[in-house]
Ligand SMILES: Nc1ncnc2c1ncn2[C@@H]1O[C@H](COP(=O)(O)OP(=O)(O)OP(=O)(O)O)[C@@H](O)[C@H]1O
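Below, in structure tokens: the form predicted on its own, a single chain.
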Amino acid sequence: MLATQLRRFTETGITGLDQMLDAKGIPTGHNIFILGSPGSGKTTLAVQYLYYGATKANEPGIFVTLDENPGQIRENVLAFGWDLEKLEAKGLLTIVDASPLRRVKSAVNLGNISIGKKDFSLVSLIEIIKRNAIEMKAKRIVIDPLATFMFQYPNEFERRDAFITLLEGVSELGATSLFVSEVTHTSLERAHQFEEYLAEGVVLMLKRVVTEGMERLFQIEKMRGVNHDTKPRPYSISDEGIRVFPTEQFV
């Protein structure tokens, strides 16, 4: 096989996670669905992924926020020693505030053409991502939280079509992307969401209350293109970010 045909991998920089991915990382160009319960550290993992790419791999990244204020994101991760403003100044990171797209009026008039709110916001979101990604030659993309955007599609078929359109638009950029969303149930025995079948990889992060206190479970449910550990593993959130313990098991 020619070298140009060999699969490339993107290291996540999450301690323990790359070890679970055959010590390689995520297949480059894949779209990964990060599912987690509230407070499980989904956004922390996403920023850590971008921060590692910018500081260790020289891979520019984009964080598309659909809910949280960019200033709040920058402030929150300073606790981990991650100065995002410095990376933005160097052109290694762009934080895109796409939350206004959720607040457009019911229809948008473009000349004599009226476009529905849903179609306009979806097209605008894809355009914003593409424009910024091309401008900075982004290798990593994070969209967080996906659920906030998808709430405007109460119809399951519309929601599925919208996600497919978004996925296709992001895939064209060739970046390795994380789509962050909420899990509908906090149990490993759960009904799968349709997005999980469409993405190339699914990572589950759960926070559960037990008799002894609280436990955190990390599981790679799916990851096409690389051998991976599928067992649930414990993980922690410290002042250094997310750390997965790939050799430990739950009793």
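Numbering starts at 1 and runs along the sequence shown. The model shown is predicted, which means the values in this text are computed figures rather than measured ones.
Omitted from view is the form predicted in complex with the ligand, to which the following refers.
K.L.:
Just one of 36-44, 51-59, 219-227, 195-203 has residues with a heavy atom within 4.5 Å of the ligand in the predicted bound form, so point it out.
P.N.:
Stretch with heavy atoms near the partner: 36-44.
K.L.:
So, Y153 and the ligand: in the predicted bound form, are they within 4.5 Å at any heavy atom pair?
P.N.:
Close contact is absent here: in the predicted bound form, Y153 is far from the ligand, nothing within 4.5 Å, heavy atoms only.
K.L.:
Between 224-249 and the ligand in the predicted bound form, list the residues on our side with a heavy atom within 4.5 Å.
P.N.:
Contacts from 224-249: I237, S238, D239.
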